[in-house]
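A single chain comes next, written as structure tokens; it is the form predicted on its own.
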């Protein structure tokens, strides 16, 4: 716990109710969605940019590490405190500062719920394109920290592609402004893109100017069932080689189908289904028939069992039932899900899926894979019992084999979940020493005392 004199300084800055050291608060903020916990020294709740500046300068003065936190919904330990740290929670900085439909932008604080941004944008015929699966509860600051994405990334890009500028505070307490309010910007270095995805290790984002795009007039969904994972992955390649880019292209593997079948959510899937693709098209209403025809043509091929298209909201919801039930279904397999977020070139997706299947057999582990196939991004879930030491040891060996396989296929070990404290040990397998040394130099420029989210992103 913080010394009383230090706590008094934070309380003078924030007020006693927003500088907390009570046991219940410390316990609540001791972990995120990742296994493991560490009790912080205090939890701070700033409500403005100026208060964040003050918190960083006080932490610097007293040599206190800072763990920034949004909703705590990450699963790589990015918001897990380190020993002796204070948690700086942005949940009270939840204001929409400006909504400017004429210029297709919105200015928000980091504590705004991601889905609320899109909801407001759609009231003016626009949308905020990034759509992480946690969008209903995650906060935009966490999305910025991890460069989050979601199904629409295949067509619209990731969070980094929709940020015009930032306001932030670095580890020296310096106040930064990056980017501009315009879509074209070539003045100075592009610090905006550098800070996005840096997981709070370079600076704390206090405000973001986000780019909005026109909302599509119409959306159509297709559910496509295949007799094998290979047939589905081959269809993904065909889709991504033709002209119509889907607004979503989701994949569920054989073990996913087994899980939802055992869960009782596979009703409507034809017998023999071992893989499913969920595909969406969006755009002007008059162009939808052309897009659907092109996608259906690409989806047809060896192993196709069934292709269904939903045009109405009810039809679309019905087609997505199996995919939406998957997160609940996998929980019946084992109590703990080790969720890896890997990416390979789309042309190597079938090889990755086959390799994962072999790993499950070799290490005697149930592995459920699904995700954003159009980007080659799979969420590989190793289902384990944490109290079984032998199983956990096999899982650790399997994870390393997975990462090595992904890199051999020309991929990367994280697509949208970040690195946090769980994947740091694998960084040296992907990033060359000279490149990593330059990244460490950047860290020292932005955070010379190393107080910002230590133990995350880069290996020691």
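Positions refer to the first chain, counted from 1. Predicted model only: the values in this text are computed from it and were never measured.
The same protein also has a form predicted in complex with a further copy of the same chain, omitted here; what follows describes it.
Site annotation in the predicted bound form: the residue of 55, 64, 419, 398 reaching within 4.5 Å of a further copy of the same chain with a heavy atom is 419. Taking 286, 267, 302, 387 one by one, only a single residue has any non-hydrogen atom within 4.5 Å of a further copy of the same chain in the predicted bound form, and it is 286. Within 4.5 Å of any heavy atom of a further copy of the same chain in the predicted bound form lies no heavy atom of residue 89.
By the criterion of a heavy atom within 4.5 Å, residue 185 is counted among the residues contacting a further copy of the same chain in the predicted bound form. When a further copy of the same chain is considered in the predicted bound form, residue 180 lines it closely, a heavy atom lying within 4.5 Å. Within this chain, residue 22 is remote from the site of a further copy of the same chain in the predicted bound form, having no heavy atom within 4.5 Å. With the partner left out here, a further copy of the same chain still marks one of 316-324, 256-264, 67-75, 142-150 in the predicted bound form; by a 4.5 Å heavy atom cut-off that stretch is 142-150. Contacts with a further copy of the same chain in the predicted bound form, taken as any heavy atom within 4.5 Å, map within 422-459 to 427, 430, 431, 432, 434, 435, 437, 438, 439, 441, 442, 443, 445, 446, 457, 458.
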